[in-house]
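Below: one protein chain in two forms, given as C-alpha cells, structure 1 then structure 2.
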Structure 1
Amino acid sequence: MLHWKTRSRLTGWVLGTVMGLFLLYQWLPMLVLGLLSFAGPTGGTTFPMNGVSLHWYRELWDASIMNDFKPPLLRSFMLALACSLTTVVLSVTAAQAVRGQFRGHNLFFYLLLLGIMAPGILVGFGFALMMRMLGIDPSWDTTAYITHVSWTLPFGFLTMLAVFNRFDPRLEEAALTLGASRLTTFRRITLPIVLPGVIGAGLFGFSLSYDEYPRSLFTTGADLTLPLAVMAQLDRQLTPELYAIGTTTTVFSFLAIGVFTFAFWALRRRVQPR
C-alpha cells in the first residue's frame, strides 16, 4: 500500500493527464479547421494540405450571389446587437422587480427559467406554428428577434439575480437616508455598482444570439442569418470556404468576448479602486 501522499499525487497526475487530453480533444478540431482554411486553390477538405494560400478567404470576400456570406454576417451581427440591448434592459428590470418581491415572483422566476430549459427546436417550432396561425411571415428582424431574446433574456436575468444577491443594500439605504429619491439612488448608486454584471448580461445576449441555430431555423424566413447560411452551404458542398467562414466567425466571437471582457475589467477597476 502506497502512502496517501503518494497516492494523492498520483491522482493529481492522472487527472491532469485527463484534463490535458480533453483540452487537446476540444481544441484540435478547431485548430485543424483554422489550418485547413489556408489551403491552396486545389485544396481539399482534409489533409494533406495542397499548398498554402489565402484563396478561400478571397473566395469568401468576392463571393457569388449563391454563397455570399456577407449579408448573413451583417444580419447576425445586427440581430445579436439588438438582442444584447434588449436583454440588458429587460434583465435589469426583471431582476429589480424580483428584488421587490411582488406577488407571484416565484412563478415569474420559473417562467424565465423556462426559457433556458425549453429547447430551441420546441420554441422555434411552436413559434412558427403560432405565426402561421396569425398569418405573419417569419423574418430575421421580427420573429427571429423575439425567439432569440426569449433564449438570451433568462441568462441575463440569472446573471443580474446573482449580482443583486451579492449586492450590499446598505449602500442604497445610505443614499435613501440622505434624501435621494429611489430613481436617483438607482441611477447614481445601484447601477454603477452592478454595471459589470450588466456587461455580462449584454455578452450573453450578444454571443447566444449570434450563434443561435435551432430557433432561427424555424423563424427566419428567406433572408438567412449566418449559422443558417453556414448550414445551407454545408448541405450543398463542403469546401475549404466553409472552413474560412468558420475561422472568421470564431475569431469574430473571440474579439467580441475580448471587447466585453475588457469593458468588464475596466469597469471593475473604476468601481473598486485598489
Structure 2
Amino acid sequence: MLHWKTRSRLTGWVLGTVMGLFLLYQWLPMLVLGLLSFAGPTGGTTFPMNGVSLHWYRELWDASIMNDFKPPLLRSFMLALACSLTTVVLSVTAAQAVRGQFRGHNLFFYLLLLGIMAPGILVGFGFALMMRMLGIDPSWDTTAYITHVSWTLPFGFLTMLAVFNRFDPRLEEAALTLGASRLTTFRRITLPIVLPGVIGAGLFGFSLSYDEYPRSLFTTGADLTLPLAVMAQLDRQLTPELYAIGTTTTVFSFLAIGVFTFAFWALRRRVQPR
C-alpha cells in the first residue's frame, strides 16, 4: 500500500503528463506549419525543408489575382469584428432578459441554443435556400453575417449567463435605492463587474466567425472569406504559401487576443478605486 504522499505525487505526475501530451497534440501542428512556412523557394509542403527564407511570405504579399488572400483576409476581419460587436450587444441583452424571468423565458433559452446544436452545413444551406426564395443574393456582409451571428450568439449568451449567475443583484438594488437610474446603474455598477464576461463574449464572436467555414459555404456569395479562399487554393495547389497565410492569421489572432486583454486590463484599472 503506497503512502498517501506517494499516491498524490504519482497522480500529479500522471495528470501532468496527460496535460503535456494534450498541449503537444494541440500546438504541434501549428508549430510544424509555422516552421514549413519559412521553406526556401524550392521547398515543398513536407520535411525535409529545402532552405530557409521568407519567399512564401513575399509570395503572399505579391500575390496574383488567383491566389491573392488579402481581400478575403480583410472581409473575414470585417465580418468577425461585426459579429463580435453584435454578439456582445445581443448576448448581454439576452442574458439580462433571462434574469428577469419573463413568461416563456425557458423556450427563449432553448431556442437561442439551437444555433449550437444545428449542423452548420445544414444551417447555411437552409438559410441560402430561404434567401433565394426571397430574392436576396448571398453576400459576406449580409447573409453570411446573419448566419455567423446565429452561430456565435449562443456562446456569448452562455458566457454572460454564467457571469450573471455569480452577480449579486443587491448591488443594483442599492444603486436604485440611492436614486440612480437603471441606465446609470447598468453603466456604473453592472457593466464594470460583468466586463470580463463581455470581453469573453466578444472574443467568442470574433474567433468563431473568423474561421467559420460550413455556414459560409452557401451564404458568402462571389466574394470569398478567408476560410473559403484557403479551401479553394487547396483544391488548386498545395504550396507553403498556405502555411504562410496560416501562420500570419495565427499571429493576427494572438494580437487580437492581446488587444482584448489589454483593453480589459485598462478598463479594470480605470474603474478600480484609488
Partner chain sequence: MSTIRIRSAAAFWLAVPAGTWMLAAVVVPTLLILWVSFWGGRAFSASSPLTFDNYIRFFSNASYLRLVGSTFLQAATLMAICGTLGYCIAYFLVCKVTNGRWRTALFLAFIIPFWTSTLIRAIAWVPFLGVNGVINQALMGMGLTSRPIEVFLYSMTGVTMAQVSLYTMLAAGPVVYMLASIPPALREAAMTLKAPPVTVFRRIVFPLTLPGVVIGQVLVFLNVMADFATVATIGGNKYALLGNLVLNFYEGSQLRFAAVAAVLLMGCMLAGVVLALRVVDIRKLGAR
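By convention here, residues take numbers in order along the sequence of structure 1, the first being 1. Only the largest set of C-alpha atoms that superpose within 1.5 Å between the two forms is called the rigid core. Here the structure is a predicted model, which means the values were calculated and not measured.
Original post:
Which number, 1 or 2, marks the form predicted in complex with the partner chain?
Top reply: Answer to the question: structure 1 is the form predicted in complex with the partner chain, whereas structure 2 comes from elsewhere.
Subject >> Residue pair Leu21, Met78: same rigid group between structures 1 and 2 >> reply: No, the two C-alpha atoms fit different parts' superpositions better.
**OP:** Rounded to whole degrees, state how far the smaller rigid part rotates against the larger between structures 1 and 2.
**Re:** Rigid-body rotation of the smaller part between structures 1 and 2: 8 degrees.
**OP:** For Tyr25, give the CA shift between structures 1 and 2 in Å, the superposition being done on the rigid core.
**Re:** With the cores aligned, its C-alpha sits 2.9 Å away.
**OP:** Give the C-alpha shift of Trp13 between structures 1 and 2, in Å, after superposing the two forms on their rigid core.
**Re:** The shift comes out to 4.4 Å.
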